[in-house]
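Presented as structure tokens, the chain that follows is alone, the form predicted on its own.
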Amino acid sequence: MEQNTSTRPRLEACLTPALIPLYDVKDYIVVVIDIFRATTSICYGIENGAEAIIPVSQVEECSAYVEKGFDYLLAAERNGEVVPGFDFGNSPFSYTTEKVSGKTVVLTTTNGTHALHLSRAAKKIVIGAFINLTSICNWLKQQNENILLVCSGWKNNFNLEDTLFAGAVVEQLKDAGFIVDDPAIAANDLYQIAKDDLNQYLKKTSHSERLKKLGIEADIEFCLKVDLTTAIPVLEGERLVKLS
């Protein structure tokens, strides 16, 4: 007998941060997605032993941590480039074990940290990327909670890479008893088109073109690798730490 829909958790996709006000985020576990490159770098940094990553909205907030005397690494990106005067930006290659193990990183990016701050009222916030896809999906299946996949997009607009990741999550969860909304279905349909060669499909995207102009194609390729890591970053207070 089919489960009563009133007791089944919902799996929904918010395809741009501009739409977050349409959702009562306190009713959801939120998965923040910013594939090129913030959430990939966060997942990689936590996997590689970063003690914590502190996401902040503004460059000035990032700088304030040093002014307060904290010995933190500062990472700031705007429009795909490292902000002058900071340790690094949001390239995943900056988040190696050698650089971040045992360290706390303060991070601000154009899109990902913005989406995260708009989602702060959620029951729980976790960070998703292709590099931790299976781990996060397996964990989500066990929660029996409403899930909102928040795509960071580009400056509040829709983008393809985050939507494709949302579709990849839906692919793994759609038979797990969730009520799936239209944006999540659409994301999954797009994923079906692209899944055999994500890199080739995403070559047409505007963000991919922006990153290529900056000479960082290797970042794009890395961000589309699947299941390199198992760590799931979770927001505890103001800090992203490894989910235990």
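Residue numbers here begin at 1 and follow the sequence given. For clarity, every value in this text was computed on a predicted model and none was experimentally measured.
There is another form of this protein, the form predicted in complex with a further copy of the same chain, and it is not shown here; the text below is about that form.
> Look at the stretches 123 to 131, 138 to 146, 87 to 95, 159 to 167 and give the one with heavy atoms within 4.5 Å of a further copy of the same chain in the predicted bound form.
After filtering at 4.5 Å, what remains is 159 to 167.
> Within a 4.5 Å heavy atom cut-off, is Leu15 in contact with a further copy of the same chain in the predicted bound form?
Leu15 belongs to the contact set for a further copy of the same chain.
> Check whether Leu190 has any heavy atom within 4.5 Å of a heavy atom of a further copy of the same chain in the predicted bound form, and answer yes or no.
Taking the distances in the predicted bound form, the answer for Leu190 is yes, it comes within 4.5 Å of a further copy of the same chain.
> Mark Tyr201 yes when one of its heavy atoms lies within 4.5 Å of a heavy atom of a further copy of the same chain in the predicted bound form, and no otherwise.
Although a further copy of the same chain is absent here, Tyr201 would touch it in the predicted bound form, with heavy atoms inside 4.5 Å.
> Is there a non-hydrogen atom of Asp196 within 4.5 angstroms of a non-hydrogen atom of a further copy of the same chain in the predicted bound form?
Looking in the predicted bound form, residue contacts with a further copy of the same chain do not include Asp196, since no heavy atom lies within 4.5 Å.
> Can you pick the one in Leu214, Ala176, Ala64, Ile185 that has a heavy atom within 4.5 Å of a further copy of the same chain in the predicted bound form?
Exactly one listed residue reaches within 4.5 Å, namely Ile185.
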